[in-house]
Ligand SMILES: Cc1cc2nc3c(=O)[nH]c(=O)nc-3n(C[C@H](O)[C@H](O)[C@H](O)COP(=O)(O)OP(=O)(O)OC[C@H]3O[C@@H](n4cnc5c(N)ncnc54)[C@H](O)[C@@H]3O)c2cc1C
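Just one chain follows, in the form predicted alone, and it is written as C-alpha cells.
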C-alpha cells in the first residue's frame, strides 16, 4: 500500500484487467481477480470507499422489505435478491470478524395481529438463511422484555419482534478488501481519475489515461480488459468508452442522521417497518452513536456530493419520534451524511421500488465490462460474476476463491488476546477495544509505532479512543492521503461527530503532513479546507 510505488509501476506494464472504481464492488473484484492469478490494477478517483460504499446503513442483510414485497406481489426477482443476500451474509461476517458482527433488530408492533404477521415473516427470513449461518433466530418479545432491551422506546408499543442480521464498518471493510487485493498482487491507487480512453481502429479500449488528482500528473494504463465499478457514476465511464450507449443507472439519494446513543439506550437496533411514504427506517448503534436512516429520493445532479439537508433531518426525526420516549429536536443531531444508491434504471418506477440486484454488462463495441447495481451484502457475489465474465473473455479457467479468504486483519484474529496485548502496553480499555475492532490482528502494528514514539500513544482528542499513532499508520500503510481520508474513512469520526472532527483536523493534518512531507503552510491549508467543508455540512443540515 505504498501509493508512490504503485503509481510509478502502472505506466510500465500491460495488465490483464484494469478496474475503475475503488468501492465495494471494485475492491472485491480486484481481490477476486488477483487471487485467480490475473495481473490487476485498480484506480479510484477519490479515496477507497469515499462515496456510496462508506455511506451505507452499515447492515449486512437479505432485506426483510424485499421478502415482504416478494410474497405480496409474487415477485420472484425480489425473492432471489433476498436469497442472494442471506447466502452472502455469513461469508461477509466470517471473512472479517473484526469489522462485521451480529446485530439484533427490534421491530415494535402496536397490536397482537401485527406481531403475528411480523413473526411469521421473520421466521421465513430465518428459514431462507444459509445453512452455514450462525446468527440467532427471530422471536416475539413481550412489552416488558422489549423495554428491558431498549429502554428508550415509547411505552405505547404492544410488543416487538426481534431478529438478527449483520453489521459492518463499511469503509474499513472496503479498505481490508483493497489491502488484501494488494497483498495478493494487485496494483491499487487512490486519488487517480480516469479522464479518457485510448481505442483501436474498431473502437475497442486499449488504454486509460489517468490523472493523479494530488499532483495533476498523468499516466497511461494499458490493459487487455477494463471493468467499470463506479456505482452511481457508471454511466460516465460507460459513455466515455462509447458515447452511443444509453444511461443505465438511476441514482437515488439516501441520507442518515447521527444522534446520541441514549435516544434508544440499547445495543439493539430499531426497525421502523412503515413510514408515511412507504419505506422502512432503521435506527442503528454505530461508533457510540445512533445512526438513523434512510431516505430514498431521485437525484437531479449526481456529480455533486450528496449532503444532509434540513428537510431530511426533519423527516427522519419525525419518523422516529412516535417510537421513542425522548423528545427529539435538531439540537440532538451530531452529524449526518448522504450517499447515492446505484439503482439499475427501470421504466416508470420510483426508486424505492427498483431492485438493488446487479448486472454484468459488456459493451460489444468498446469491450468495456460494467458491474451495475447491487449492494454491500452481495459485493462478493457481484465481484465473482464480473470476474467470471472477464476470465471467460480472457480464456482463463480459474475458480473464485474469495468465499473463504480471510481479509487483512482477520488472520489469527482473537479479540480477547489482541485487546489484552494492547492493555498490557498501557492503553486503556476503550483505546484497546477501538484498535482491536478497527485493525484486527494488525492492531499491534499500530501500537508498535507508538512504542517507538511514546508521544504517538496519546489520544488525538481527550475522552476519545483514537490515538496519534493511527494517523502515522494510515498515511504510511493504508494510503491515507488527506485529512478527510483519515477522519471520514480510517477512523469514522466525521460520520459520528462533526464538531469533534473539526477539532481533530489541525492535529491530524500536522501528523499526516510530517509523514507525507507537507510544508507548514500546506498543513494549515489542509486543516482549514477540511474544517470549512464540515462547517458547510452543518450549515446545510440546519438551513
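Values in this document were obtained by computation on a predicted structure and should not be read as measured data. Positions refer to the first chain, counted from 1.
This protein has a second form, the form predicted in complex with the ligand, left out of what is shown; the following refers to that one.
With the ligand left out of view, choose which of 380, 438, 89, 341 has a non-hydrogen atom within 4.5 angstroms of it in the model of the complex.
Contact with the ligand in the model of the complex is made by 341 alone.
Answer with one of 176, 471, 291, 192: the residue that has a non-hydrogen atom within 4.5 Å of the ligand in the model of the complex.
Going through each option in turn, the one that passes is 192.
My question is simply whether residue 44 lines the interface with the ligand in the model of the complex - judged by any non-hydrogen atom within 4.5 Å.
Output for residue 44 is yes: heavy atoms within 4.5 Å of the ligand.
Would residue 489 show up as a contact with the ligand in the model of the complex if we use heavy atoms at 4.5 Å?
Residue 489: no, not in contact with the ligand in the model of the complex.
Taking the shortest heavy atom distance, is residue 376 within 4.5 Å of the ligand in the model of the complex?
Flag for residue 376 set to yes.
Do residue 254 and the ligand come within 4.5 Å of each other in the model of the complex, heavy atoms counted?
Output for residue 254 is yes: heavy atoms within 4.5 Å of the ligand.
Could you tell me if all three of 26, 59 and 231 have a heavy atom no more than 4.5 Å from the ligand in the model of the complex?
Yes: 26, 59 and 231 each sit within 4.5 Å of the ligand in the model of the complex.
What stretch, of 426 to 434, 333 to 341, 94 to 102, 320 to 328, brings heavy atoms to within 4.5 Å of the ligand in the model of the complex?
Single hit among the candidates: 333 to 341.
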